[in-house]
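There is one chain below, alone, in C-alpha cells, taken in the form predicted on its own.
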C-alpha cells in the first residue's frame, strides 16, 4: 500500500492537486476499504490485481481534478453523511454557518414551525434542519430534477421524514404545489443559491469548473441575480417575525445586506464562517 500511495502522491503533486499526500492516502484507503492509518502502518502490504485495477481507475479520475467527494460518492455535512455525485454541488463546511444561523435565530419555533429551503441541491441544508427540528414541516425546492433525486435519496437514507421536495424555480415550486396548509407561509426561509458571477465561472478551480453543475454556480452578471428575487419575494411567504437567511459569496455580504434593508427587513445580521469570511446574511420580516 505504501508504494502505491507514494506513486499517487507524486502524480497528484505534479498535477497541482492540493495536499497530494493526504489525497493519495485517503484515496488508497477508500479503494481498499481500510482507514488512512492502516495505509500508513501497513505500507508493506502487497495489493491484489483487482485492488490495483480499482485504485488506478480512481487515481485517473482524481488526476483530472474530479472532486474527491464524487469519487467517494459521499460528503460529510453537519455530522451527517450525504450522498453526492455530479448532479449536485459538493456540500461545503462554509454552508454549515447557514444552518447555525437558522437554528440560533429561531429558538421560539424549535418545537415546530415551517421551514423552506430554496435551491436545495443535495438537500444538505433542508435535511439537517429537518433532523434538528423533527417537529417542523420542511419544504425543499430546486429547479433540477436530477438534484431533487439525490436530495430525496439522502432524506431516505438519513431518515428525514418531515420533509417534502418540490421542483420549480424558487417560490414558483411552492406556488404550484398543494401544500397541506394555506396560505403557504413559513417561519424560516433559507437558501444557498448560485452566486458566482458568470464571467468568473471560467476562472474557478478545475475541480469546481469542470465537474460541478454550472446551473448551481452561475448567479448572473454580478452574482446577485438570485438574491434580488429571493429577498423581494420572501416577504409574502414569511410569517410576521419570520427569518430569511441566505449564504453569500466572499465580498457579497454588504450588497445583500443592503438589499435586505431596502425591502424592509429588520435586525439584519452578517455571520462569518470558520475562515472568517462574511458568509450568511439574515434578517427578520417586521
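Numbering follows the first chain given and starts at 1. Note that the structure is predicted; figures quoted are calculated from it, not measured.
Not pictured, yet referred to below: the form predicted together with a small molecule.
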Check your understanding: Hey, in the model of the complex, is residue 147 touching the small molecule, heavy atoms inside 4.5 Å?
Key -> yes
Check your understanding: Though only this chain appears here, would residue 203 touch the small molecule in the model of the complex if you measure heavy atom gaps against 4.5 Å?
Key -> no
Practice item. Using the partner position in the model of the complex, report whether residue 120 sits within 4.5 Å of the small molecule, counting heavy atoms only. Key: yes
Review point. Just to confirm, residue 192 within 4.5 Å of the small molecule in the model of the complex by heavy atoms?
Key: yes
Revision key, fill the gap. Of 197, 184, 143, 80, the only residue with a heavy atom within 4.5 Å of the small molecule in the model of the complex is 143
Review point. Looking at 151, 138, 188, 125, which has any heavy atom no more than 4.5 Å from the small molecule in the model of the complex?
Key: 125
**Study point:** Options 153-161, 112-120, 67-75, 128-136; stretch whose heavy atom lies within 4.5 Å of the small molecule in the model of the complex
**Key:** 112-120
Check your understanding: Within 4.5 Å of the small molecule in the model of the complex: all of 91, 168 and 216, by heavy atom?
Key -> yes
